[in-house]
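Just one chain follows, in the form predicted alone, and it is written as structure tokens.
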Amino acid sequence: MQPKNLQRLLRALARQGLDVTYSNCTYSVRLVNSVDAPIAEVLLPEGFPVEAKALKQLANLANVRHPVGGCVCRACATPDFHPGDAGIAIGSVVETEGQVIPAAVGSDINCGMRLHVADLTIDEFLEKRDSFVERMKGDYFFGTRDVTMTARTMRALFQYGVPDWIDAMLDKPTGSVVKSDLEQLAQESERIFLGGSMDGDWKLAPAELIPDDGLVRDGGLGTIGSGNHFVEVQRVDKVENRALAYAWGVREGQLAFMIHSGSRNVGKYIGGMWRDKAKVTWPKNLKYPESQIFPLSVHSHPELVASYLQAEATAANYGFVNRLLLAELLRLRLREVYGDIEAPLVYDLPHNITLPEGQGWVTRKGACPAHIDQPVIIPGSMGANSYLMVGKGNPEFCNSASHGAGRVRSRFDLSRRGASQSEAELGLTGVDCITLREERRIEEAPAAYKPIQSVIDVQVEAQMVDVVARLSPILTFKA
């Protein structure tokens, strides 16, 4: 079935320089004057809004090519597709050959999801909820967390991520991690995408975080961040795939803890630096591309491509450890309040990252890997269900899936108009949001997001993922 007024919509998009067709919940888009560029496909459930700005951003991304050599082989977008502030649509996936595109990842390098479960009932949790929340507010909001590290540990973190960080901590534990079970953390690294380790270079990290010796007190580690980032307590409501859920340690009635964060200021530092470098290296005798998206070519600057990928990996390693520490702070507080709670890791995966796949690299911006049999975590809003999925490795969508529901109203729109709307209109009735700023509740209200069930259903139908378990929110921490 086609959307209402489809022909009118397509004519309007054509006036904006976009050649768009629609079939079977998929929009195909290309710039009118770029017939050699690959056609980008967007999977959107029927009835979802189609934003011309986002389509233009995706078409621009598909059209990126370096004049010395390098092109986009394939471009697509997941159903949480919406415009991005930096010219790249959220939900974009692009496969490149001979070039990488720093802007396609942006500054939130290795933003991703992490999920733990615990054998604790809702009643048991709510009985001591206030005590738990006050402790977590201290750690997440007021800086009572202690993530002090030696200079050597910080360098290990940036160089190879979680495994080297654990090894350094085993040699010299510091901060609140002295109370952690480091052997458990080491075993759990197998449940992190890529083992939580990429080939970084500590010398590419911000100078203040890599001193020659002494202790490092980094204010960014163990922090949630702004925007749609969160830490949420959930309940496993329904298991759909019992065999996989059992293998992953997930059962109905358990409590779950979902974490959404990334590389914080380290990602901003590296992402911003390399967007500028890509622009500077553009051939001097050629005008800038109209999209202002600048690739790095292996044909003209192979050393810069290698350096960028290592810099991105350096920030990604930091993002893996940041999510681990957010979870470990929570797990330590759980044990203080509720006793000996193990809360094992289910999985941790990125959704803003460049990885070697296909003919060269696949860059995902607000989309997560969904390779065959790989766990996938797709959150809803803080008033809706979240889902633990399993990837089906669909090559039509570059083995990817959405990283959430996707915004349908901007933060600016919510901050401007949301304060005048009722809790019911915003979808906030019954939502337990822990934050120090009331505007955060409004900016991230459920009304800002697309309906998660439609997002899940269309991806299942497209054979990108299958449902393993459904989780419902209990309370959400928003910085």
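Throughout, we count residues from 1 along the sequence that is shown. All values derive from a computational prediction rather than experimental measurement.
Not pictured, yet referred to below: the form predicted in complex with the DNA.
Only one of 291, 189, 265, 148 lies close to the DNA in the predicted complex, with a heavy atom inside 4.5 Å, and it is 265. Exactly one listed residue, out of 95, 328, 108, 218, brings a non-hydrogen atom to within 4.5 Å of the DNA in the predicted complex: 108. Contact with the DNA in the predicted complex, defined as any heavy atom within 4.5 Å, is confined among 117-125, 157-165, 404-412, 197-205 to 404-412.
A residue is said to contact a partner when one of its heavy atoms sits within 4.5 Å of a partner heavy atom; residue 229 meets this definition for the DNA in the predicted complex. The DNA in the predicted complex is approached by residue 437, whose closest heavy atom lies within 4.5 angstroms of it. In the predicted complex, the DNA lies within 4.5 Å of some heavy atom of residue 85. Although the partner is absent here, residue 225 lies within 4.5 Å of the DNA in the predicted complex, judged by heavy atoms.
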